[in-house]
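Form predicted on its own, single chain, as structure tokens, below.
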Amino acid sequence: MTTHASHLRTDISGNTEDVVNRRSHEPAYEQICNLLREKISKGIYLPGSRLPSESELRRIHKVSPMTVRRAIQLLLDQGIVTTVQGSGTFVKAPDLGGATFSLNEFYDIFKDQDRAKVKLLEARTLKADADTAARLQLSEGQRVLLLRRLLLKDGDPVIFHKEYLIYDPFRPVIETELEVTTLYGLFERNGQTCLKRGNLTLEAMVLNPEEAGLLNTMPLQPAFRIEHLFYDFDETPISWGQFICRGDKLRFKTMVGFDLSR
């Protein structure tokens, strides 16, 4: 819990109120913000409930209207409360619809390059079928480059990657491009990439016998499929493929609501 410098005052009726510590180096508005955070954390103000009005907070803490407004604004900036015109300030309820998941868990599988290795299973050109041609905005039968790879961590296969790239006989695919298409380059924010953007789709699935064999597990085991479609700076698709990830090796987690322990 964020510490704050305040003390308690007991009035003649025996009620205890939080009072701003005037001798603290912490600004009064931060003290008030932290006192309200503490009460929200303890469930004194529940999600959806209204906080004391600005006039009530001014009376309780013996501060100016500007100080109260700054305290409320700090809670707003932290995403803990919301204001309703003419009604007051309310504690936010957890928003399940706004939950988002990052790919950090996916990246963590192979970012340790001392323990994670890429094993190339296949690299060849072939004629694009109807589905591949549609994804890459090609004519059916145009040549594409097929790559099939395994990502291993400590020698254990955890991700199978199958990818189709635009084939250009006058521009050979080089190793740096192969690394970018494994997503590693996209995670390294300080690196350069030939990609402008990408669309990623995450789906739950079960492994077929071929995928299970490559990933050293049993068929019908749960897995995640991350389908990707990458574009260059001309808005032309250059790569389409799928990462098949063992379900026992990949987890996605996030937090809803707000963490008041900090």
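Computed from a predicted model, the values in this text were never measured in an experiment. Position 1 is the first residue in the sequence shown; the rest follow in order. Rigid core: the largest C-alpha set superposing within 1.5 Å between the two forms.
From this point on, the text means the form predicted together with the DNA, which you will not see here.
> Only one of 39, 225, 196, 69 gets a heavy atom within 4.5 Å of the DNA in the predicted bound form. Which one?
In short, 69.
> Are any of the heavy atoms in residue 29 no more than 4.5 Å from a heavy atom of the DNA in the predicted bound form?
Residue 29: yes, in contact with the DNA in the predicted bound form.
> Indicate whether the DNA has at least one heavy atom within 4.5 Å of a heavy atom of residue 87 in the predicted bound form.
Yes, residue 87 is a contact residue.
> Taking 4.5 angstroms as the cut-off for heavy atoms, does residue 215 touch the DNA in the predicted bound form?
No.
> Contact between residue 55 and the DNA in the predicted bound form at 4.5 Å, heavy atoms?
Contact check for residue 55: yes, within 4.5 Å of the DNA in the predicted bound form.
> Where does the DNA sit in the predicted bound form: which of 133 to 141, 116 to 124, 146 to 154, 79 to 87, heavy atoms within 4.5 Å?
Of the options given, it is 79 to 87.
> Superpose on the rigid core, then tell me if the C-alpha of residue 51 is displaced by 2 angstroms or more between the shown form and the other one.
After core superposition, the displacement of the residue 51 C-alpha between the shown form and the other one reaches the 2 Å mark, so yes.
> So that I can tell if residue 24 moves, could you say whether its C-alpha shifts by at least 2 Å between the shown form and the other one after the core superposition?
True for residue 24: a C-alpha shift of 2 Å or more.
> Is there a C-alpha shift of 2 Å or more at residue 228 between the shown form and the other one once the rigid core is superposed?
It does not reach a 2 Å shift.
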